[in-house]
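Just one chain follows, in the form predicted on its own, and it is written as structure tokens.
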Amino acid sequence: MEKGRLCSPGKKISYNIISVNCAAMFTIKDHLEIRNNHLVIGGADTTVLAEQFGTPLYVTNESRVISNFSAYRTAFPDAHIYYAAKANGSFAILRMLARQGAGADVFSFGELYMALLAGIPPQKILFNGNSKTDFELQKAVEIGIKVSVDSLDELHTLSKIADSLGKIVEIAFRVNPDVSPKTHPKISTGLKTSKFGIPSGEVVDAYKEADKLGGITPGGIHCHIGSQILDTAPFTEATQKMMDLVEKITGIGINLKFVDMGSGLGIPYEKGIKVPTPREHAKAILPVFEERTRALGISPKLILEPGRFIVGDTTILLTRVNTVKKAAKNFVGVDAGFNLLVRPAMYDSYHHVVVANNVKSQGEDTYTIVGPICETGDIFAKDRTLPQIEKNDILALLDAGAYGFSMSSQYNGRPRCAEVLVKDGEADIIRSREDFEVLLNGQKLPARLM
């Protein structure tokens, strides 16, 4: 792997805010720092990273990934933590989490393949999804993966596949608990009108049906109410509803080995927003879970599926300024577009913007940061007060680790950027920048066009 040392050893200097090696630093946002007026992540100067590896560039702080995962493991010491692979499918991230003992919540055979390759054991993977193909179901059965069943149609298909292979597949039903998590409608997955899960009023009958089918063993129950949730009350409500179902399912003689409560804990994309911690998430769930299971005399394993919390704030997207234009607004055109970070265009999401090569300067003007994509909606940030911006400045879009690269594309014929992993001032390429030949991958001309 390509490496670079981006922080020269130096004398330890103490300051009121933080004590570090190399040079005077102070915290800008948790694990991010400023040194010599430059943004620093994982001990690496972002302006040096931009010159060394080019832009656009995703940069991930390895230590931050581990500490975020550890926060969940500490808050839920007796639970299994299944990382939601959809949030960021980087093989390096999957590998480091596998080494920390994480399981995985996967939503496709591709995510399953990557999780297994990274070293996550089959027994710690749950295959989720509302529209799995027969191929995906067959692979889950062959490999021995637990399946979260989303419909009776899927249940019968899975039973036939397992029977034909002479195997038994452990299942959970995904429940639609009709809980509003008070988040963006496009990431509210537990509403009554959501495409995900079986309505809670029909779930007990679904377990009765599953218990009669060949190739199926009901082993758990599953729900996930949404993403970027900033209030713990919906978690408590969902746990109460799920435990009501657990009581009914136990009452018909089915022994549930696990209860998967999903996750959805949010992160503070905007300054000043209070978000719950994993410990507060645990306080919302564990008392209900423990009291109800104790009363029933059962001991199912609790599973959580954090994704955004583990990777969201670990990563920044570096992008270079191509042009500054004064029109109806002060437009700053950068070399990254929504093909690399679609969240602002899709959800009107907020990402804090930092001028990486001029962090400490006071805001001088109001700018709208836009990409090069031929779409009016290719906007990263609207009307932000920032230091004076000039061509070739490096901007950093913060908190880009969740649903950033994993939702990227080659729209407008733009190959995807590189990804770099940093730790203690060293940088490793974990995904190479695509060249233009990749645009032709898989394409063929019929003979008449040759």
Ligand code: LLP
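Quick caveat, the model's predicted, so the values are computed rather than measured. Each residue number is its position in the shown sequence, starting from 1.
From this point on, the text means the form predicted in complex with the ligand, which you will not see here.
Peer 1: Given that the ligand is left out here, which of 124, 86, 292, 139 has a heavy atom within 4.5 Å of it in the predicted complex?
Peer 2: So the residue touching the ligand in the predicted complex, by this definition, is 86.
Peer 1: Among 278, 218, 197, 226, which has at least one heavy atom within 4.5 Å of the ligand in the predicted complex?
Peer 2: Contact residue from the list: 226.
Peer 1: Using a 4.5 angstroms cut-off on non-hydrogen atoms, would residue 403 count as touching the ligand in the predicted complex?
Peer 2: It does: once the ligand is placed as it appears in the predicted complex, residue 403 has a heavy atom within 4.5 Å of it.
Peer 1: Might residue 128 be said to contact the ligand in the predicted complex, defining contact as any heavy atom within 4.5 Å?
Peer 2: Because a heavy atom of residue 128 falls inside 4.5 Å of the ligand in the predicted complex, the answer is yes.
Peer 1: Using a 4.5 angstroms cut-off on non-hydrogen atoms, would residue 263 count as touching the ligand in the predicted complex?
Peer 2: Yes.
Peer 1: Quick one: does residue 132 come within 4.5 Å of the ligand in the predicted complex, counting heavy atoms only?
Peer 2: Residue-level check for residue 132: no, no contact with the ligand.
Peer 1: Out of the stretches listed (104-112, 243-251, 376-384, 158-166), which one is close to the ligand in the predicted complex, meaning heavy atoms within 4.5 Å?
Peer 2: Selected range: 104-112.
Peer 1: Can you tell me which bits of 292-327 touch the ligand in the predicted complex, meaning any heavy atom within 4.5 Å?
Peer 2: Counting only heavy atoms within 4.5 Å of the ligand in the predicted complex, the contacting residues of 292-327 are 305, 306, 307, 308.
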